[in-house]
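Take a look at this one chain, the form predicted on its own, written out in structure tokens.
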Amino acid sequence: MKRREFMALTAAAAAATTAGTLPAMAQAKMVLKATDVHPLGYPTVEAVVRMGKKLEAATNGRLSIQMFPSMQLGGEKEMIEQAQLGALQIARISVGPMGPLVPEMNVFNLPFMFRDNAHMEKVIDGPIGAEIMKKLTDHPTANLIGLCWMNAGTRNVYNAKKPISTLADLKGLKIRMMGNPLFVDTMNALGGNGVAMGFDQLINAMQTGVVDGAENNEPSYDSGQHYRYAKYYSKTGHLMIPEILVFSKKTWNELQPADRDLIARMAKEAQQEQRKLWYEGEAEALKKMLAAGAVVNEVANKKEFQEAVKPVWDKYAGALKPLIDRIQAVN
């Protein structure tokens, strides 16, 4: 056989082999690891579980999601790090820890930023939400893809000692805050002592008296059974922070474009599903809290709380002012 004919036959054989293997590779099953600090049934967890079922059905089982709830893979700091490395693919994280990485996200971390839930939803569903999400995705070192926003309600203070009705009631109380200096400064401005701490460390800290309490939404307070350690839940409403579903950029870059599009579309559907689950869960959590013995009180005069955090705005809002003005203009 002439050399030219031999080479042609070899190339044809290689092409045939490649053609035979590529479809098999494209059809290889992939299990996407997802994680959350909250337990099964919690709105953010349930929304991702349902997203996984839809993804599995749409790809005939080729793509699926395995959920690791209840801090099985660590707290949010560990979740972010693992997603960046590609050790897990999907994580539901608070915007709080992302503020130092993407400064624009700190706009959502400012106290009393949103007028109400409807205002917050219009902001994250609109151009502003899309822009900030893109800044995370395009960040050169974050190594994360922003998939969608999720509701997280209003954060309120709870503690083991007394109801909070005025600023004076907060004085001297050690309150756990998320790991962002802005939050610690917010609690300090309100008269308490802000203590930066991971959510996974909180129960032990309340049991041992390292902190007197914390601040969070009703579903988190209920699902973590924090009423066992801090029964006074006061509706200070000082923070309303959306949460974010992220995807490992390392894994994302390994996916086919069609699979990326499918995951992105289903994440947007999960956002709307989670919102419905959120409001149902919020109402149910309040009932369960009260039944478990929590003492819940409204704060009649929030104006003094809003005025007290002006130094926080002065410190953090400077470069964000154009963005803040746009948010406040949303009706």
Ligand code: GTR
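For every residue, the number given is its place in the sequence shown, counted from 1. Predicted model only: the values in this text are computed from it and were never measured.
If you look for the form predicted in complex with the ligand, you will not find it shown, but the lines that follow are about it.
Here is the short version: of Asn180, Asn109, Gln89, Asn217, the single residue with a heavy atom within 4.5 Å of the ligand in the model of the complex is Asn217. Checked against the ligand in the model of the complex, the residues Lys302, Arg50, His38, Arg62 give one hit for a heavy atom within 4.5 Å, which is His38. Contact with the ligand, judged by heavy atoms within 4.5 Å in the model of the complex, is confined among 280 to 288, 51 to 59, 30 to 38, 265 to 273 to 30 to 38.
By the 4.5 Å heavy atom rule, the three marked residues Ser94, Arg155 and Glu243 all count as contacting the ligand in the model of the complex. In the model of the complex, no heavy atom of Asp212 sits within 4.5 Å of the ligand.
Although the partner is absent from this view, Glu76 contacts the ligand in the model of the complex, with a non-hydrogen atom inside 4.5 angstroms. Mapping the unseen interface onto this chain, Phe199 counts among the residues with a heavy atom inside 4.5 Å of the ligand in the model of the complex.
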